[in-house]
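First comes one chain, alone, set out as structure tokens in the form predicted alone.
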Amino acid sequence: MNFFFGIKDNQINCELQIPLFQNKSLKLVNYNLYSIFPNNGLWEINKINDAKNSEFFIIKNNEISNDKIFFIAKDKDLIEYDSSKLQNFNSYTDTTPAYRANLKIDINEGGFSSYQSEYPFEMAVKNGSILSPINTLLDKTADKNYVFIKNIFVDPISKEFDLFLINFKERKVIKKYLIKTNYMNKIEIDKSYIDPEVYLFTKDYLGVPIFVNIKDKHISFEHTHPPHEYILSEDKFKLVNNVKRKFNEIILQENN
């Protein structure tokens, strides 16, 4: 299944649109929209009753928060719900081609952009690392450059972990940030860091990095794919693990 998320931010507005239909079938029947967020060591679920129109669940800016995620399910899917863990409630959004939601952001009296907003359950049950270039989707000429990083983890915890900007060619950590689990984290990227040799890297948790740049009331909003999706060989996961090992070595070298 997929979880869906939005962004709560004082610079941009956000709206999340989740289809009431699959790409190969009729509209879903008896499915509802739920929000879920960590609260005192448990997952708190709430049904959202007023978000449905004829084609979509529409989640407005005032319903979105950075620690909240959304999913669709039938009431019966939650009968054996365990509030200590996220669960794979159903397979409705496990489709081919992929089931897509739309996350729209805009600036007051300015432009807008959108991005697919899905976070697969199988990502939420894993630890791991994020590795992503920053040069491809940020812009040195923009007024502001941001990376929003959404982490969803199966346990209802809010735990800080490190995010690094690393110059791979120079084998050097150039900036370290603290971000946290089960949250939409926001990082402003200084223009001087935007370089083809600089990568974003985490050691402990997975997540979806989304890149935003703003210039003259215009806005761009896009994500990168995991490194293995750019590699066609059969040993692509081994190759990516070897690259990530080198990034870990750079971090260890900085700490010694």
Partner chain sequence: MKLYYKKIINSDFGIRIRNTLNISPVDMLTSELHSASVSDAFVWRTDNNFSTKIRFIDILNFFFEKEETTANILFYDNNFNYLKKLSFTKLKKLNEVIINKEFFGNKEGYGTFYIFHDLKNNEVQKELISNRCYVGFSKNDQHFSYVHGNLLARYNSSNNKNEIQSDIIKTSLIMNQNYKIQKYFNKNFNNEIFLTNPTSRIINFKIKRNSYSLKEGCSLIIDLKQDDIINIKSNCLFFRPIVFSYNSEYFDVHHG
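Computed from a predicted model, the values in this text were never measured in an experiment. Positions refer to the first chain, counted from 1.
Although not depicted, the form predicted in complex with the partner chain is the subject of the following passage.
Undergrad: How about E222 - does it come within 4.5 Å of the partner chain in the predicted complex, if we only consider non-hydrogen atoms?
TA: Contact check for E222: yes, within 4.5 Å of the partner chain in the predicted complex.
Undergrad: Tell me, yes or no, whether N13 is in contact with the partner chain in the predicted complex, where a contact means a heavy atom of each within 4.5 Å.
TA: Contact with the partner chain, no.
Undergrad: I'd like to know if S114 sits close to the partner chain in the predicted complex, meaning any non-hydrogen atom pair within 4.5 angstroms.
TA: Yes - in the predicted complex, heavy atoms of S114 and the partner chain come within 4.5 Å of each other.
Undergrad: When the contact criterion is heavy atoms within 4.5 Å, does K172 count as touching the partner chain in the predicted complex?
TA: No - in the predicted complex, heavy atoms of K172 and the partner chain never come within 4.5 Å of each other.
Undergrad: Considering the partner chain in the predicted complex, find the one stretch among 62-70, 207-215, 41-49, 183-191 with heavy atoms no farther than 4.5 Å from it.
TA: So the stretch in question is 207-215.
Undergrad: Using a 4.5 Å cut-off on any heavy atom, which residues of 194-209 would contact the partner chain in the predicted complex?
TA: Residues within 4.5 Å: P196, E197, Y199.
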